[in-house]
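The chain below stands alone and is given as structure tokens, in the form predicted on its own.
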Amino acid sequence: MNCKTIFAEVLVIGSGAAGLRAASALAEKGIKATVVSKGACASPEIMGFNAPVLPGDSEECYFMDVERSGYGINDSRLAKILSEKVLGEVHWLENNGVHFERDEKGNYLPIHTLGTTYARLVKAGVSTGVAEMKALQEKCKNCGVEFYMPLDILGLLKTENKVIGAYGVDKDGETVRFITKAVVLATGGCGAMQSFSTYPKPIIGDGYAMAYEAGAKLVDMEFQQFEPCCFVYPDEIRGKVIATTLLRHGAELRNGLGEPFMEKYGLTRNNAQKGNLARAMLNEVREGRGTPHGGIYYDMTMLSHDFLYVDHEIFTKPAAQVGMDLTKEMPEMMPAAHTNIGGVIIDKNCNVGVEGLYACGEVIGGLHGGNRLGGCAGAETVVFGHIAGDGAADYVLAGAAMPSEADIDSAWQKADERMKAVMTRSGDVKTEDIRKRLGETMFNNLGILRNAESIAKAAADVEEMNGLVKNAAVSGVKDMAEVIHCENMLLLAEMQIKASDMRKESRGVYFREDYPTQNDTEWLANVVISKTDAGMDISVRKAINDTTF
């Protein structure tokens, strides 16, 4: 296929907070960074950054909270890095134009999120993510970072042992290849794979698939966190989030009968985590105590108008736009697919075990173990974005060269053959139908609750869809790109299914009805996925509780 070639020193795939922080770190070390992205990302929804800012709090306490939240299977080395470096990143953001809330004496005014010992969530008014993105974009612009957006990356270019670039399709349908010394994956998670999700439609897990195909290993792919409080009605705001942090301020979850129910499940405002809260909500609905539209009421009527509509406007604005007064009426909420806890295994420099390939943000795995603390998603994007940028920069500065023409030709031939093979498909199956079916399969069978029967059902459905996608209707380059996205999602679904089948216990956000208890005797461990000549390999490793690499 004809293509346009762009040479770049380091390519960053993803324009969310993690990608932009990586690009800025590269630029700060004198490396020319090129950012490419579809355009959509979840970063503008970031509410704040967990950091140990209050008197009495410490890196050690922060680390222990992350470890406790992870139910014993975090990679402690990554948790330690997060706890040690996040405050520095908060200061870096402030120095680059993000104004976090402070009192008249200059002290931070953090919010207390679920599962933390201290209030830690520092925020910049009601739109922290927007303010952060604006500051990062301005920093990158001033540093000479080059942007190609929107541009849909479909895969990585790789020689036998090294990543040398990536290829994709631009907005005009032209094939583009980037030739580079190193690549940073900052592609986000995969929440939009599921039919009810908080994520933008393009966030479907392409980065996981690309890393796997390049030879990286993945970990904990069975762990999908569901955001507990998301609107199920009206349809105009379905999937929009109201933070569970409001529970700390007196808000109450009630079933369809108007009854508070958290205490019945042993949950309090202090010990509730997103996983056990989501299961409690689902159980109330399953047992017939749901609201008219199959949800749970989120009672905020005891909170003041200014607290809701000024201090927390980022969450309450959707309700206001549809004429809902949360000081007088209770919205109907249910958990929606949110953060993927698992992801690509990295080292201390964010290298994925493949020469020339680095990763940061939600696409990495191991940090959160079995559950992610609220406020740590924003923190991880800037901490590991910085590290990935530094790691790629150091790799280049140590003498990494642009690939030879022979390596470029060899890597491109494989990518070209893949795209041409897809272009020859002439069936009548629509990719949007496959995507819709997959979303429903994943949400219904591999969602908040799962068991052997639902896992087997998901596996059978995915196997059938793998057959259907071979008969996709392809009439041009953009159709070809959609087929590749479908294949990536089906590959990721296979990872999640096989990892779920392997882990026969319940832990954190992961709950199996047929194995409802946490098994520390056998399962203080991680499920690791890698590609071999024989296919997808699934293995188990003991949880990494050491804090040194």
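A quick note: this is a predicted structure, and the numbers were derived from the prediction, not measured. For every residue, the number given is its place in the sequence shown, counted from 1.
One more form of this protein exists, namely the form predicted in complex with a small molecule; it is left out here, but the text below deals with it.
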* Can all three of G14, I153 and G375 be found with a heavy atom no more than 4.5 Å from the small molecule in the predicted bound form? -> yes
* Interface segment, criterion being heavy atoms within 4.5 Å of the small molecule in the predicted bound form, picked from 447-455, 67-75, 284-292, 194-202 -> 194-202
* To do: Please check if R512 has a heavy atom lying within 4.5 Å of any heavy atom of the small molecule in the predicted bound form.
  => no
* Any of the heavy atoms of V241 lying within 4.5 Å of the small molecule in the predicted bound form? -> yes
* 4.5 angstroms heavy atom contact with the small molecule in the predicted bound form for G508 -> no
* Report whether the minimum heavy atom distance between G343 and the small molecule in the predicted bound form is within 4.5 Å. => no
* Out of E45, D57, E487, D501, which one falls within 4.5 Å of the small molecule in the predicted bound form, going by heavy atoms? -> E45
